[in-house]
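Single chain ahead, by itself, as structure tokens, in the form predicted alone.
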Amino acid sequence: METLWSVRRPVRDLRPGDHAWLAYSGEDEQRHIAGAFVRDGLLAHDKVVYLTGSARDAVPGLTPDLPAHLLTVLAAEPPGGERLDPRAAAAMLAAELTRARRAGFRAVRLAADLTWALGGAGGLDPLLDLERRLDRAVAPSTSVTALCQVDRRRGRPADLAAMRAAHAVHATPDPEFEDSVLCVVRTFQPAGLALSGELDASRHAILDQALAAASAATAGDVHLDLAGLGFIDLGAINILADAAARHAGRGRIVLDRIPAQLRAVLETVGWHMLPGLSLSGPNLT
């Protein structure tokens, strides 16, 4: 399957029939998204199948308290490092799906880290062949959910774009906080948070906690994507300034993609006089 459109879906909302895509930018992002996919499946007592290059590769999200007997790790890299064999890899996965059905599992989660195969013999064709085989197995299913992942740092932009186009669903992080007023989502490239909705007095504590966590997790600048934010009050701006002061010495609090009306508010209160707070990018209209 090749598609020019896609659905962005938090990893918690992936469902049977989804053949999802994740290009992660580091172990932290992989653990945050793919790790949640693995962990949630094991906690739900679903069958989890993890396809990777070597059986020695770490499985993100796996901790000693989880029922590891529900997890099967498959090594797809052929002996001697020959090119990926998409037919053999798909056959291994099909055999595991058959075993899971016979064992009575109500749902199966298939996670595949294909980073090891990027740039391998045969170029991108074997990977795209495997993706087509996976899509034929997963898309019509009422019990199988799949998440394919690669480390974007290891792939050429054109190859990543081609693999991305082979998936109709793109997995995103679960929100750090979400209600009818405000949604806070962690971002990884750049590191920080995406805020959408409204920031009023009732959500000040949420903002303060989220900023503290983002600051603790980030050695450099903390970026806040405000494209989806419709309102911010003066109290929330003060919280941003306090967070910038606490983060001083390690980086700035950078406000990205600011809607025009929010930029006007910030300019009115004199954001440039707040040490450690920086605005970037053009106005959004």
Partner chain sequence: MSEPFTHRLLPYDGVDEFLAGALPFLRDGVDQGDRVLAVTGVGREELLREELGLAAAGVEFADAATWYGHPSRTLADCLSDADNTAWQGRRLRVLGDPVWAERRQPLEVVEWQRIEAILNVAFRGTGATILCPYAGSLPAGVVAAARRTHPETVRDTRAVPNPGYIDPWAYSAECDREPLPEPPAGTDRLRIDRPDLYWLRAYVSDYARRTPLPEEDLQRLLVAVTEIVTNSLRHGAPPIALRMWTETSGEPALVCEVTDEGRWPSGSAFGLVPPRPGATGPGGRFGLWAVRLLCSIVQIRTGDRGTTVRLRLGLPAVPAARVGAGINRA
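Remember, predicted model here, so these are calculated numbers, not experimental data. Positions refer to the first chain, counted from 1.
Omitted here: the form predicted in complex with the partner chain. The next part is about that form.
Residue heavy atoms within 4.5 Å of the partner chain in the predicted complex occur in exactly one stretch of 217 to 225, 23 to 31, 237 to 245, 51 to 59, and that stretch is 237 to 245.
Within 4.5 Å of some heavy atom of the partner chain in the predicted complex lies at least one heavy atom of H204. Contact annotation for E198: at least one heavy atom lies within 4.5 Å of the partner chain in the predicted complex. At a distance threshold of 4.5 angstroms between non-hydrogen atoms, E267 is in contact with the partner chain in the predicted complex. In the predicted complex, the partner chain sits within 4.5 Å of a heavy atom of V181. Shown without its partner, the chain has G230, F231, I232, D233, L234 in segment 219 to 234 as residues with a non-hydrogen atom within 4.5 angstroms of the partner chain in the predicted complex.
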